[in-house]
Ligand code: SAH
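Presented as structure tokens, the chain that follows is alone, the form predicted on its own.
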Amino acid sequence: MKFVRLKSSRPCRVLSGHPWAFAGEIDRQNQKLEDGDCVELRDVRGRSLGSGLWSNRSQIAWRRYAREMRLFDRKFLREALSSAVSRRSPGQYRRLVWSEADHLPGLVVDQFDRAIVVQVLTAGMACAQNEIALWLKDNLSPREIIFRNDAASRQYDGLELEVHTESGDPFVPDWFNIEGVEYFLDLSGGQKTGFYLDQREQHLQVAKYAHGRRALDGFCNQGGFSLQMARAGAASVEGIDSSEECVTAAARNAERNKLAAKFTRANMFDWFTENRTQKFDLIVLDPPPFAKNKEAMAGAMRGYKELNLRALRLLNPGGILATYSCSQRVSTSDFLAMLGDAAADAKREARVLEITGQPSDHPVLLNFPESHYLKGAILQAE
């Protein structure tokens, strides 16, 4: 196996167990390295830091897949896939593989009943795509595998953006029953892999507070929170999203399930400004990521605070706020501190009922904070 060394012993995250090393941190030892090569990384004293997949194009030049010397071959891939799936609880809708957290950097696999959606995000994993498909067919017998290789991050590794199925046939959108609610999902063209499976448990958890309450679902997407709240007996449900496509989808899903919910296309910030006199008993805020890079952090935190401040002002006494962030760069402590500032400015006492995070099929890897992207809190305003 080829090897590279760190340029110096100065602190860098890979020395503390992080699975990434950046191009500027590495001495290539004058070796010719190809995208997807198995490469051992050593520190300046020659001690091994593990085996990783190499990229010539990305700033993340080395991504660890094993702490020992190990080839990324068919045997390793099949063992890693088998281990990842065996760690998941049985179910029809779940994440089967979560990238570095499952020792498969750049691979995401979601299961939607008998359809499987795969995202291959790095050059090293792209070399193994056919073997991945073969293992999935042999072990899970899906009716179709959809390769959603259209994530913008693929371009960092010089990979083209494309979507295709294993069979070569178009995958026709269809109805899928997730936690008792039917959704019309386009697994080939919907956001991410077609549905936010990481929030399905929170859809049910928030619904426990919904009975008899007037509810607002901010950034409603396809109606996950809205429909579960309506199903749980909310007095009324209103969903807001800036996407016409999402609003149309949510309304279609409500009609299919015979659930009463109103959906409106609007910018959430503008909606709050125009509806300052309304009052609700339960508000959900589940916005898209605001902080996509370090430079965006300050603006993102202002945005989160403004949203939560406005929501707190619209809550009746005893009202519930379920609020979330899926920005990787926003830590749980940052998020809770922001909520404290919002409550202070709203002049509301807010009791923390629950601190929430990712479901177990989206595991968080210690020493890899990037795997911990989803955090949230359920608050009660006095």
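Position 1 is the first residue in the sequence shown; the rest follow in order. Please read all numbers here as calculations on a predicted model, not as lab measurements.
Below, we refer to the form predicted in complex with the named molecule, which is not included among the displayed structures.
Asks: Taking A80, S83 and L107 together, does each of them reach the named molecule in the predicted complex with some heavy atom inside 4.5 Å?
Replies: The answer is no; none of A80, S83 and L107 reaches the named molecule.
Asks: Please identify the residue among G299, P288, G212, G158 with any heavy atom within 4.5 Å of the named molecule in the predicted complex.
Replies: Filtering the options by heavy-atom distance leaves P288.
Asks: Of S141, Q129, Q191, S167, which residue is found within 4.5 angstroms of the named molecule in the predicted complex when only non-hydrogen atoms are counted?
Replies: Of S141, Q129, Q191, S167, the residue with a heavy atom within 4.5 Å of the named molecule in the predicted complex is Q191.
Asks: Taking the partner as it appears in the predicted complex, which of 110-118, 204-212, 274-282, 242-250 has residues with heavy atoms within 4.5 Å of the named molecule?
Replies: Looking at the partner contacts, the answer comes out as 242-250.
Asks: For N221, is any heavy atom within 4.5 Å of the named molecule in the predicted complex, or not?
Replies: The answer is yes: N221 has a heavy atom within 4.5 Å of the named molecule.
Asks: Should A266 be classed as touching the named molecule in the predicted complex when contacts are defined as heavy atoms within 4.5 Å?
Replies: Yes, A266 sits close enough to the named molecule in the predicted complex that at least one of its heavy atoms falls within 4.5 Å.
Asks: Is Q228 close to the named molecule in the predicted complex, meaning a heavy atom pair under 4.5 Å apart or at it?
Replies: No.
Asks: Do N308 and the named molecule share at least one heavy atom pair within 4.5 Å in the predicted complex?
Replies: Contact check for N308: no, nothing within 4.5 Å of the named molecule in the predicted complex.
Asks: In the predicted complex, which residues of 185-201 put a heavy atom within 4.5 Å of the named molecule?
Replies: If the 4.5 Å heavy-atom criterion is applied to the named molecule in the predicted complex, 185-201 yields Q191, Y196, Q199.
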